[in-house]
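To begin, one chain is listed below as C-alpha cells, in the form predicted alone.
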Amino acid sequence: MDKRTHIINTALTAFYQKGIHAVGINEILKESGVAKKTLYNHFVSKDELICACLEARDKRFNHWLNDRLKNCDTPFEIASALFGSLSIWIDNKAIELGDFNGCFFINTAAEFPHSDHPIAILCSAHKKAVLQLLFDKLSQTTQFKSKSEKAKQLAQLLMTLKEGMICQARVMHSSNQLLQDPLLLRQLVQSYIPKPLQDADFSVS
C-alpha cells in the first residue's frame, strides 16, 4: 500500500469513529506512523485530507452497495436487498465498510454546515450518487422500463427510508427490522408499479 492510501485509510477510520473536529493531524501522524513532512507532501491541509477521505469512502460504499444489488431483477428485490444490506452493515457484518457509526457523510456534513464548502459539496455529491444508483437499478427492471418518473419517485422513497434507517440505528444503536418485512416492502413498492406489471414483480415467501 502506498503512503497516500495508508494516510487516507488511517485518517478515514479516525474521522469516521471519532468525528472530524475531534481528530487532529498529530493523531493521524501517530496512528499512521508517517512523518509530518510526508503527510504534507500529499495533502496541503487537513481539509484536503478530509476531501480525500470522503472520496475514498464514497467509492468504497457505492462499490459495496452496487455489488449487493447487482443480482436484483425486480423493484421488490432491489428494495429487499437494500434494507437487508443496511442491516448487515448496522450489525457490523459488512467487512468492507468497517464497524458501523452512522453515515460518514451525514456525520461530516453536520460538522460543515455551509453548503458551499468543498467538504459539504462532496457530502451532497455522495447522496446524489447513491440516489442515482438506485434510480439506475430500478430503471433497468421490466416494471420501470419507459417509466422513468415512477422509477425516480420510488428511488427517492427508498433513499429517504435508507437515510432514516441509518440515522435511527446510529442514535438507538440497533437495526430496525421493519423495513425488512417483505409484506410491507411489497405494499410500498407495488404502489409505484402499474397494475398489469405488478404480478411479475413479487413472489414473497
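Position 1 is the first residue in the sequence shown; the rest follow in order. Being a predicted model, the structure only gives us computed values, none of them experimental.
Note that the form predicted together with the DNA isn't included here; everything after this is about it.
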- Can you work out whether the DNA is within 4.5 angstroms of a heavy atom in all three of 112, 118 and 127 in the model of the complex? no
- Message: Can you tell me if residue 174 lies within 4.5 angstroms of the DNA in the model of the complex, counting non-hydrogen atoms only?
- Response: no
- Item | Residue contact check: residue 150 to the DNA in the model of the complex, 4.5 Å heavy atom | no
- Message: Please tell me whether any heavy atom belonging to residue 59 falls inside 4.5 Å of a heavy atom of the DNA, as the geometry stands in the model of the complex.
- Response: no
- Message: Is it the case that residue 66, even though its partner is missing from this view, gets within 4.5 Å of the DNA in the model of the complex, heavy atoms only?
- Response: no
- Item | Listed residue (168, 139, 38, 180) with a non-hydrogen atom within 4.5 angstroms of the DNA in the model of the complex | 38
- Counting only non-hydrogen atoms, the one stretch of 25-33, 155-163, 51-59, 66-74 within 4.5 angstroms of the DNA in the model of the complex is 25-33
